[in-house]
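A single chain comes next, written as structure tokens; it is the form predicted on its own.
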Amino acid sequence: MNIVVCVKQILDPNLPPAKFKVDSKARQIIPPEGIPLVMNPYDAQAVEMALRLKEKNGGKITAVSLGGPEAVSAVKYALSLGADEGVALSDEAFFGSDSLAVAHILGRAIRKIGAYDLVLCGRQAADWDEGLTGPLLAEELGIPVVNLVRDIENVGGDWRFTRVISGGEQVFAVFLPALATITNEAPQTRLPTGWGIISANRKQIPVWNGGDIDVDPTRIGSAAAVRKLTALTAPERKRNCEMISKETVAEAAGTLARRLGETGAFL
């Protein structure tokens, strides 16, 4: 079974708010110094799903990441977890690509990698939380997609994808090749071993540009984006303290409830 996993490096979601900075004029997030990027946690769960499938069914896992120098780090982390091979995609022409363009770039890279049975993505990226790339990539590749997948198993030769829905789950019989976006309700991800880290760091990760994967230049970059980011600002955090002093607890409670209602705290 040949599995391709798409992974991405992002700012640590647990980054202290004081470290989060935004350049509003350039509409960009400013990476804090001294704090490394981490693999998108949803993508890490996609890697975990791939590893479990490989352990049960055999095969090969190839990690693919799109970005700048951080793309190599994302691939190496996937290798340290147990992926077999990896490819980084980096090109100045990719800068400013929206989800539609990213899907095109990833699709061209996957076609160059060769035969595959399954493509796995995280349900969304924990930085922008859009969840568009997986379904758009499936469209680019012309394969079926199941979103929010919690489990994948082979039952008598049939591949069953268990999908999480509100109040329950759905089970689909899916013909391969197919794509699945993995939900955060999937099994907990493992940590890399010491030998895994050493082995991954020793590997030379191929870096492909747009020409290497024959992308359509009219479909990538900021000029091809079908949507534009018009503003980016950091959230304002304000704290107001009001002391409530009444003669009885009942009066204080009633005043507190009224004040909370006035501020919209119950909405």
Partner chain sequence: MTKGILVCAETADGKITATTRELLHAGRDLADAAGSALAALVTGKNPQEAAAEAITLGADTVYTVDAPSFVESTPDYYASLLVMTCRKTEPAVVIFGQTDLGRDVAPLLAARSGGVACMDCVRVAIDTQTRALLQTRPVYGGNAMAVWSSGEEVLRVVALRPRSYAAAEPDATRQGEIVALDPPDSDESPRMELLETRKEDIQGVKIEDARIVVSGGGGIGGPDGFKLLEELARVAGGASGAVAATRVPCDEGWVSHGIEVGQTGTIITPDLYIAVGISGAVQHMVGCADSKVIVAINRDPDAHIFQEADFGIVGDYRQAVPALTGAIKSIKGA
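We call the rigid core whatever largest set of C-alpha positions still superposes within 1.5 Å between the two forms. What you see is a predicted model; the values in this text were computed from it and never measured. Residue numbers count along the first chain shown, from 1.
Although it is not shown, the form predicted together with its partner chain is what the next lines describe.
For the marked spot (Phe20, Gln45 and Val146), a heavy atom within 4.5 Å of its partner chain in the predicted complex is present in each of the three residues. Between its partner chain and the residues Ile113, Ala93, Ile197, Val171, the one pair within 4.5 Å by heavy atoms in the predicted complex involves Val171.
Checked against its partner chain in the predicted complex, the candidates Ile152, Val72, Ala109, Leu100 yield a single residue with a heavy atom inside 4.5 Å, and that residue is Leu100. Stretch-level contact check against its partner chain in the predicted complex with heavy atoms at 4.5 Å: of 223-231, 62-70, 202-210, 48-56, the positive one is 223-231. Contact annotation for Glu85: none of its heavy atoms lies within 4.5 Å of its partner chain in the predicted complex. When its partner chain is considered in the predicted complex, Gly167 lines it closely, a heavy atom lying within 4.5 Å. Although the partner is absent here, Asp214 lies well away from its partner chain in the predicted complex, with no heavy atom inside 4.5 Å. When its partner chain is considered in the predicted complex, Leu136 lines it closely, a heavy atom lying within 4.5 Å. Of the residues in 223-251, those that come within 4.5 Å of its partner chain in the predicted complex through at least one heavy atom are, in sequence order, Val226, Arg227, Lys228, Leu229, Thr230, Ala231, Leu232, Thr233, Ala234, Pro235, Arg237, Lys238, Arg239, Asn240, Cys241, Glu242, Met243, Ile244, Val249, Ala250. Comparing the forms between the shown form and the other one on their rigid core, the Cα displacement of Pro235 reaches 2 Å or more.
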